[in-house]
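The chain below stands alone and is given in structure tokens; this is the form predicted on its own.
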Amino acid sequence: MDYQRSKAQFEEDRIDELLELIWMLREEGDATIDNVKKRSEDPQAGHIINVIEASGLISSDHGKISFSEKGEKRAERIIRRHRLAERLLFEVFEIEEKQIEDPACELEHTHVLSEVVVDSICTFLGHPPTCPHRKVIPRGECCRKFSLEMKPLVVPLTELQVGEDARIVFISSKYHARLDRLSSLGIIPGSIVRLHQKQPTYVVKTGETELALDRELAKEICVKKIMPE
């Protein structure tokens, strides 16, 4: 009985791997059957694609793959779980970006990351919009509700106390001009900043540069506090 369950779970994991790959290829604008076969490490990728299509998760038209509504939701959950696992390993355990892919996959496939756990991780991390590789993390219900039942690890710069140091994790602004301006001033992910004042404007220092930010802009800069040694 356990063998049958293990075998069934193995097959589900193979399906999940290909759904994840199809999602990533779609992000690249090239989700085709040929590309899935080329990029997949599964020697039976063609067979699994047929299984997925027969299950109603995807459809194909002249080799181009599209998700059904059911397939879209399943793939979105897989991608969200994986990219939040990467962000958790990067932010909490401080594993280097180039080394997080394999442990994130292992964590994802342990099946301990239920939807509740994934949402709790997302909330803890401050609802990050991207993984450490700068790929979009699909939004969850917790992001829509902005639940703050747990104390987030990543917070807006506005929540720092004067004199506190923090590392910029991500900037949530949708305005490219604003991002370009911040980048030119050294306000980029990975930079260390210190908050000097909150009134009448927010003043931060990064390196030898000191600059003033209005509250709206400061709220878009999400940081991880650096604990004093």
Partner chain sequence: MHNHDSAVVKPGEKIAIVGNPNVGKSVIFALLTGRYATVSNYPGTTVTVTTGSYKLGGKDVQVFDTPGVNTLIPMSEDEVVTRDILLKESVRLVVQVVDAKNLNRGLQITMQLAEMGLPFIVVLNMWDEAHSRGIGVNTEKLAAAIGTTVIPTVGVEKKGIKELRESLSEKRYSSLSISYGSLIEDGVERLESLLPDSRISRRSIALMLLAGDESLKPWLKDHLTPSEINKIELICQDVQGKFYEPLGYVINHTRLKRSGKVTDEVFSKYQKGGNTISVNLGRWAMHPVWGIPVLLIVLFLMYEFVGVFGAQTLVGLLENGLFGNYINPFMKFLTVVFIPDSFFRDLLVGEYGIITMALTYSMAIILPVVGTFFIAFGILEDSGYLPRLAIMVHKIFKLMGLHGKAVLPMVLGLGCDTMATLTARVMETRKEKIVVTLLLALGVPCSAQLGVILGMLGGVSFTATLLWVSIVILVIFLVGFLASKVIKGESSDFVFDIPPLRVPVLSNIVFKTLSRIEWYLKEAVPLFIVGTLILFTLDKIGMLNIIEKVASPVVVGFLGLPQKATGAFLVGFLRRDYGAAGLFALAEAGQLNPNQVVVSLVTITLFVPCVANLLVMVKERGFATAIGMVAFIFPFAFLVGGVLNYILNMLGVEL
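Note that the coordinates shown come from a computational prediction; the quantities given were computed from them, not determined experimentally. Positions refer to the first chain, counted from 1.
Absent from the display: the form predicted in complex with its partner chain. The rest refers to it.
Going by heavy atom distances of 4.5 angstroms or less, which of 186, 63, 46, 56 would be at the interface with its partner chain in the model of the complex?
That would be 186.
Quick check on residue 41: any heavy atom within 4.5 Å of its partner chain in the model of the complex?
Heavy-atom contact with its partner chain at 4.5 Å: absent for residue 41.
Using a 4.5 Å heavy atom cut-off, state whether residue 199 contacts its partner chain in the model of the complex.
Output for residue 199 is yes: heavy atoms within 4.5 Å of its partner chain.
Does residue 136 reach its partner chain in the model of the complex, with heavy atoms at most 4.5 Å apart?
Yes, residue 136 sits close enough to its partner chain in the model of the complex that at least one of its heavy atoms falls within 4.5 Å.
At the 4.5 Å heavy atom threshold, is residue 27 in contact with its partner chain in the model of the complex?
Looking in the model of the complex, residue contacts with its partner chain include residue 27, since a heavy atom lies within 4.5 Å.
Scan 195-212 and write down, in order along the chain, each residue with a heavy atom lying within 4.5 Å of its partner chain in the model of the complex.
Residues within 4.5 Å: 196, 197, 199, 200, 201, 203, 205, 208, 209, 210, 211, 212.
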